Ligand SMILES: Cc1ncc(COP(=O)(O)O)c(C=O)c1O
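Just the one chain here, laid out as structure tokens, in the form predicted alone.
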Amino acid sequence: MTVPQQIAEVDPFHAMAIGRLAYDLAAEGRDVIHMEYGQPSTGAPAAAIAAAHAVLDSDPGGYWESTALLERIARHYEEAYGVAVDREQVILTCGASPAFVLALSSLFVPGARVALARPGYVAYRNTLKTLYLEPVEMPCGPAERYQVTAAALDALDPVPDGLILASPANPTGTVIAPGELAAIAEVCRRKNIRVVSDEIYHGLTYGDAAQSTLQHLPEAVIVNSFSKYYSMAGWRLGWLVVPPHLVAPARARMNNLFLTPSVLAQHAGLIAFDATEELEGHLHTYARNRERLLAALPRLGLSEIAPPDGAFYIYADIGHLTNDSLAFCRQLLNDTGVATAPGIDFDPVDGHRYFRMSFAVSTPLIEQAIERMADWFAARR
């Protein structure tokens, strides 16, 4: 095993800095539209909030894992994907970020090489670095629909120890087609590549539903969260699904590093799981917002974007306007009050020419954002 010789260097998460600037401007009285964070602007479902109020009055709290929630999540895999999952394979976590720490530290030793798409979520790369794992970034552009392909994975030499998949993906929103996902699973099985599949945007698609990697690779480790579809980002509740042989090591890490998730969040999450009508209403709002942005972006001169099949993002090429996406996003925020995320977070090589907009806000705010940006982009063309 490789022994690290120095503290891991972790890159900044620049969207967080943009967010801090946006909130500072709002505190000064500026009207800011927050499209920089990957979070719904809506709150938890009403029934979940009501349940949380009741719990506050009756439950003193403590270190606790909800058996009912474990069983509900396990049942979800049968209902949504036709996959049998035992409740013991489900581990509740304090959001998806700790779930990744549990998954990666349970699967890999320091020095292991883990492949992932570029562009991809900034914390994949940085969590790997923090755990002294080596990110093997696979460039994925329009030809690959910004996703890992089985052919590209099969061609990697040396063979990576692991693979992170995300479908729908952040920042692009692209979904891996079922046939391609099956082909990726076949490569991983043949070459003994261990898979962590990020499925936190499941439920948020604008065509066919995304498949779970478990449908093709039962030994995959699945990360999910209440932050996106369930509109509970601030409650910090997620889960991990692991194969039986990883239950003990993953649970030991959860208990030692994080104890248990919030009691309040677990009670609310159980109710949120079945607040379908309200949650699907959010999805309809995102679909409208997506349509408005896709219609407006060409008028802003943004014609090269990743296909937003799911999630709630637009990832657009701004290379004709800038070679510094961070400075671009700062200027856009200062001039218009529209906060966005720089592509450099998601792609350290080509991200200087991209930015990301989240459309998980209200439709009136989307329309305001388009109006504010129209003249600003026109002036730069």
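Position 1 is the first residue in the sequence shown; the rest follow in order. All values reported here derive from a predicted model rather than from experimental measurement.
One more form of this protein exists, namely the form predicted in complex with the ligand; it is left out here, but the text below deals with it.
The candidate site formed by Ser97, Lys228 and Arg236 is fully in contact with the ligand in the predicted complex, as each residue has a non-hydrogen atom within 4.5 angstroms of it.
Heavy atoms of Pro40 never reach within 4.5 Å of the ligand in the predicted complex, leaving it off the interface. The ligand is not drawn, but in the predicted complex it has a heavy atom within 4.5 Å of Tyr313. Heavy atoms of Asn170 reach within 4.5 Å of the ligand in the predicted complex, making it an interface residue. With a 4.5 Å cutoff on heavy atoms, Tyr121 counts as touching the ligand in the predicted complex. Of the listed positions (Ala306, Ile200, Leu181, Leu214), a single one reaches within 4.5 angstroms of the ligand by any non-hydrogen atom in the predicted complex, namely Ile200.
Segments offered: 148-156, 192-200, 67-75, 261-269. Contacting the ligand in the predicted complex at heavy atom distances within 4.5 Å is 192-200.
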